[in-house]
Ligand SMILES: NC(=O)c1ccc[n+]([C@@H]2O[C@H](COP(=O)([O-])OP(=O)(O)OC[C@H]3O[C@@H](n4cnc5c(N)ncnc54)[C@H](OP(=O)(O)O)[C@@H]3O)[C@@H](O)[C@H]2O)c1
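Presented as structure tokens, the chain that follows is alone, the form predicted on its own.
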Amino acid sequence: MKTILVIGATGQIGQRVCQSLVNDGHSVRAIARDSQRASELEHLDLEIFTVDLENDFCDAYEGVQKVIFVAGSGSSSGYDKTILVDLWAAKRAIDYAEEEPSVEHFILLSSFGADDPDEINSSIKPYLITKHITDEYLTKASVPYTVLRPGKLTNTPATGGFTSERPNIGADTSISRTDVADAICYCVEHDSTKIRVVELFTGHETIDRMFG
């Protein structure tokens, strides 16, 4: 049984990922930034590390085979936190993975538009730039990776349908958080998802066909 580290475990996607992995019988280690948020995970059978990502969190990596980074600064925070969490903490998470011999796969949640932030005229461009830099850093690291770049995240029910084909200009680019969580858990189970950068949108393909 593999030990999976979930960084950003108290977020909306992180909690879904933890729940699914525990249900599937995995040993899950979760990083939460504060004790109040960590209490949201206490109903799950997992190990909790309470640590701020702006501090050292390398101790959480001991014996871990899979790392999932789904942490984010949040839409209500300023761009200073975006740099500290989405960029700097992510970089350190990748560094720790390279230093821990047991790590065999790093799964990073990025964003649609991170491939070329100049292409999207939006107020979130600074966020996309941090994602672009982090994605590039991971793809140049020694640890096998999967980078997932979902479209606009929604709280609609899961559809179970995916596509990696970018919709036409003006078309719907959304995907539910539950579908994204399911895609992350699929990557945990399937080595065929390694060394891949994949955009994710709601579509009509099954997850295995999309990665096939």
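In case it trips you up, residue 1 is the first one in the sequence shown, and so on. As the structure is a prediction and not an experimental result, all values here were calculated from the model.
Quick note: we don't show the form predicted together with the ligand, though the next part is all about it.
Annotated contact segment (heavy atom within 4.5 Å of the ligand in the predicted bound form): 52-60, selected among 139-147, 52-60, 22-30, 160-168. Residue in contact with the ligand in the predicted bound form (any heavy atom within 4.5 Å), chosen from 107, 93, 103, 71: 71.
In the predicted bound form, no residue of the candidate spot (4, 65 and 194) has a heavy atom lying within 4.5 Å of the ligand. Put simply, residue 11 is close to the ligand in the predicted bound form: some heavy atom of it is within 4.5 Å.
Although the partner is absent here, residue 134 sits far enough away that none of its heavy atoms falls within 4.5 Å of the ligand in the predicted bound form. The closest heavy atom approach of residue 46 to the ligand in the predicted bound form falls outside 4.5 Å. Although the partner is absent from this view, residue 85 contacts the ligand in the predicted bound form, with a non-hydrogen atom inside 4.5 angstroms. Using a 4.5 Å cut-off on any heavy atom, the residues of 136-152 that reach the ligand in the predicted bound form are, in sequence order, 150, 151, 152.
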